[in-house]
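Presented as C-alpha cells, the chain that follows is alone, the form predicted on its own.
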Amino acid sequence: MPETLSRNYANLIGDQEVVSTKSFESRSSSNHTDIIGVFPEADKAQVRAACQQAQEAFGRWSKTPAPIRGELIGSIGEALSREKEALSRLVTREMGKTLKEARGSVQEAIDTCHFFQSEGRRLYGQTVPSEMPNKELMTYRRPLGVVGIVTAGNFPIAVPSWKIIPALLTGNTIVWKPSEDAPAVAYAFAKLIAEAGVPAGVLNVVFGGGKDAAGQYLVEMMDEGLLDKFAFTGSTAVGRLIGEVAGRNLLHPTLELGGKNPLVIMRDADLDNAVSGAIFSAFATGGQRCTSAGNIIIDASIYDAFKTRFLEAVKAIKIADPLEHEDVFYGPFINQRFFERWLSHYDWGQEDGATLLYGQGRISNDNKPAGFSGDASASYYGWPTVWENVKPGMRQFQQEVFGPTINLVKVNGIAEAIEAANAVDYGLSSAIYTNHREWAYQFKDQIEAGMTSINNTTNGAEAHMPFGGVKGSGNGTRESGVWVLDNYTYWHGVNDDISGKLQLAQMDTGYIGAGSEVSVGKLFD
C-alpha cells in the first residue's frame, strides 16, 4: 500500500512559522503507512527564541484586562465546539483512542474553556482589615511570566488544555512542547487558539522529542532564566529531573506524573457494576492512561466469583482500528515504543512468580483474541492481559505498565485492602466498590491518593474538580478547577497607608487597655 501524501508543518514562534533542519513524521497509530504530517525538530536556538518571544509578549498580555482574556478563552471554546468532530477524528487517527473517548477528551477541553471564561471575572483578591488606622491592606493575583509546558500524547488535547487555558487566563505567556506522538492535534489546537484572537507570541509551539531534543532544551531554559514556571505531564522519572532543575531556580513546577492505581472490590459490592468499572479502569485507551487501574484488590470471599465474571468480560472485549469500528473498546498502542515497554512486563510476571490467567502479548493475524477485527499487522495491538497471585513486593505490583494489563490481588477485609492499596510508590487515583458506608469512609480517609471514586472507575476527570496525585504521582500541584489558579499566579500583598505618618504594625498598634490586675496565685489562697 503506498504511503499517503503528507504536508510539512512548522514551529509556531511569535508571528512566524519556523522550520528546522531536522524533521520527523507523525503516523497514524492504527495504520503506519498513513503519514499525517511532517513536523520540525526544534533546535535549542529555536526553543530559546520561542521563550524570548513569550517574554516580549508578556508585558502586553498580562496588562490585558482579565475579563477580556476570559472572553478570548470563551472564543477558544467556541472554536473547539465547532471543530469537535474533526478534532476527535484527528485524535483517533493520530494516537489510536476510540472515537467515543476522543470526543470526550475534546469535550473536556471545551468544558475547561467554559469554566475559565467565567473565571476571568472572578480572579478575586481580598481587602484585609489593618490593625492601624487610616491604612488599607489588599491582595492581588499576579501572573508568573513565561510558562514552559511539556505534555504527553495519550490525551493530546484535554491535558494540554488543563495547563494552557488557566495559564493564558491568568495573564501568562507560554512555550509549549507537545508530545512527538501527537503533533498534529497540537498544531490544530494552537491554530484554533490563534483564531480565537490570542495575540502572536502569547502561545508559542516547538515540536520535537524529549531527551536531547526540544523537551530537554525547554527544561534547560529554566537555567537560562527564560522561564518563570514549568508544567509537565509524563513519567515520574522525568518529573523528578524537571523538579531538580526547577528547584535550583526557585520555581514551583506543576508535575502530573504516573500511577499504579488500586481498585478495591469489597464483599458487599454490586458485582455487575464492579466488573464493568474494573474493565474500563483497566482497559480503556488500552491501559494507556495515568489513571488506569494497575491492581484490582478483591475481598477473599468474593474473589472467585469476581474473577469468573471479570474474565468473561475480558474475553468479550472488542479490539480494532477505532476509525473503522465505532463500537471498539480499545485500539492500538500509540506507537512501537509504548508497545515494547508493555511487552517486557510479561518477563516481570514470570520472574516474580505471578500466574498469567489471560493474554498472549502482541496480537497478530495468526494469534488474536475472538474480539479482534481487522489487520493486526497494520499496527501494534496487545492482548488484554490478566495476572493473579500478584503480591505487593513484586515488580508487577509496583511498577506502572501503561498498557492493557491488570493484576488481581486477593485480600481479607477492608484493613488489608487499604494496606495493599497503599503499598505502592504512586498516589494518583483510587477507587472502591462497596455499599458499606463505613468502609467507603474508611477508604477515602486512609487512602494515599490525590483522587478517589466510590462505586466508580479509577479514570475520569471533570473541568471543575482538582486533578493530581501525591507520592510518586506528583508534587501536590493540581490541574483544573479554581485550585489550578494558584499554580499560575502569585499573591501580591499591598499595604496602602494614607495616615501621612510612619505607622509600625505590632509596635505602634493601639491595643485595648487591660482591666484591673489579677494575681492568679491569690485566687486560690
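As the structure is a computational prediction, the values presented were derived from the model and not from experiment. One rule holds for the numbers: they count along the sequence shown, beginning at 1.
Same protein, other form: the form predicted in complex with a small molecule, not shown, and the subject of what follows.
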Picking from 23 to 31, 458 to 466, 489 to 497, 65 to 73, which part of the chain touches the small molecule in the predicted complex when contact means heavy atoms within 4.5 Å?
-> 458 to 466
Triple contact flag E108, F155 and T291 to the small molecule in the predicted complex, non-hydrogen atom at 4.5 angstroms = yes
Which pick from I334, L227, I242, V159 sits with a heavy atom within 4.5 Å of the small molecule in the predicted complex?
-> V159
Name the single residue among T173, S281, T233, S430 that comes within 4.5 Å of the small molecule in the predicted complex, judging by heavy atoms.
-> T233
